[in-house]
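The chain below stands alone, shown as structure tokens; this is the form predicted on its own.
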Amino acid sequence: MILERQITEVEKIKITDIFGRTFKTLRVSLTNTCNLACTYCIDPAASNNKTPLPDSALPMGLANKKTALSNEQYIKIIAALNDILEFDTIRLTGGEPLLYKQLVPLVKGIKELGISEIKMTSNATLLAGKAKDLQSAGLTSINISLDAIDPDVSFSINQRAKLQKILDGIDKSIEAGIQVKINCVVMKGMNDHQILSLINYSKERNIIIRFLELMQMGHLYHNFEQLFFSEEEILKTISNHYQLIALPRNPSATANYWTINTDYKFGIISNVSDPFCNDCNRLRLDSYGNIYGCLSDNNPINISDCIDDELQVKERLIQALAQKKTKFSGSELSMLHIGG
């Protein structure tokens, strides 16, 4: 007689909330440093990289820096979480993930876990010489920040003269066979006049661009409205030159998409105008071994100290799931510490 295996109490615990949300994408922040000082991420007063960020820009309890995770620790945590959640995607972020010296071995290690969709978000300034190695290691897709195609506008936002390096990184990634998408944070009076130029640049290369509404994060938490450029305004700018056709939104997608003249697709990530919180499936892991269920929550949940205990891991995942909101409300947390 075949005996049925007894289901343990740990196995009974389901990582899902009353809205049916769970975690299927893990965003891994590899470093809390960056070689740009974009004005939507870093207060221009601190853009010389010498002024310390205020404690409010750090996750609660992390104002005093802790030791960052090693490659082995990242792999161990990702493996344990994947055993429970069976991720569809791992996305490597920062700060700037290309500053992480063990990036290629980490990508290779994640691929060896059996996770096929390994993606990255980067400013691409260091990408040109690394794209081929990253693709060989298993990187499948990269979102690249490009906020302007005009060098002067780019400098005014990034506070660094790195535009050509970004463009080189884009071209080398395409050559290497990595799927590329462009991310552009649109700010009123700063780069809203770059929208059409960026559309044309992306269209020429047959890569998707997503325009992001400015997020109520970090130093802009209390005054982001002065630079806010809405989804409606973005669409109006584009529709003055192109005929737009709206496309159906995919479940858990961050962006809504449109086609122009039926042959080119672009997206808008509108955290304020049209938030996607109701079916968000993202979990975040920072470089100190803490997880977050939502960008709008400044409370880290340590996972590294219990990673060998499946019951405790599940309990902390449930805590992270409880952080999820039904509407994005922002945080004083700097994106440097939790990733894009």
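Heads up: residue numbers just count along the shown sequence, starting at 1. These numbers were taken from a predicted model, which means no experiment stands behind them.
This next part talks about the form predicted in complex with a small molecule, which is not shown.
- Using a 4.5 angstroms limit between non-hydrogen atoms, residue 268 is distant from the small molecule in the model of the complex.
- At the 4.5 Å threshold, heavy atoms of residue 254 stay clear of the small molecule in the model of the complex, well away from it.
- Within this chain, residue 95 lines the site of the small molecule in the model of the complex, having a heavy atom no more than 4.5 Å away.
- The small molecule is not shown here, but in the model of the complex it comes within 4.5 Å of a heavy atom of residue 215.
- Looking at the small molecule in the model of the complex, residues 25, 281 and 320 place no heavy atom within 4.5 Å of it.
- Look at 70-78, 254-262, 237-245, 115-123: in the model of the complex, residues with non-hydrogen atoms within 4.5 angstroms of the small molecule sit in 115-123.
- Taking a 4.5 Å heavy atom cutoff to the small molecule in the model of the complex, the contact residue among 34, 294, 291, 313 is 34.
- Here is the short version: of 173, 145, 191, 202, the single residue with a heavy atom within 4.5 Å of the small molecule in the model of the complex is 145.
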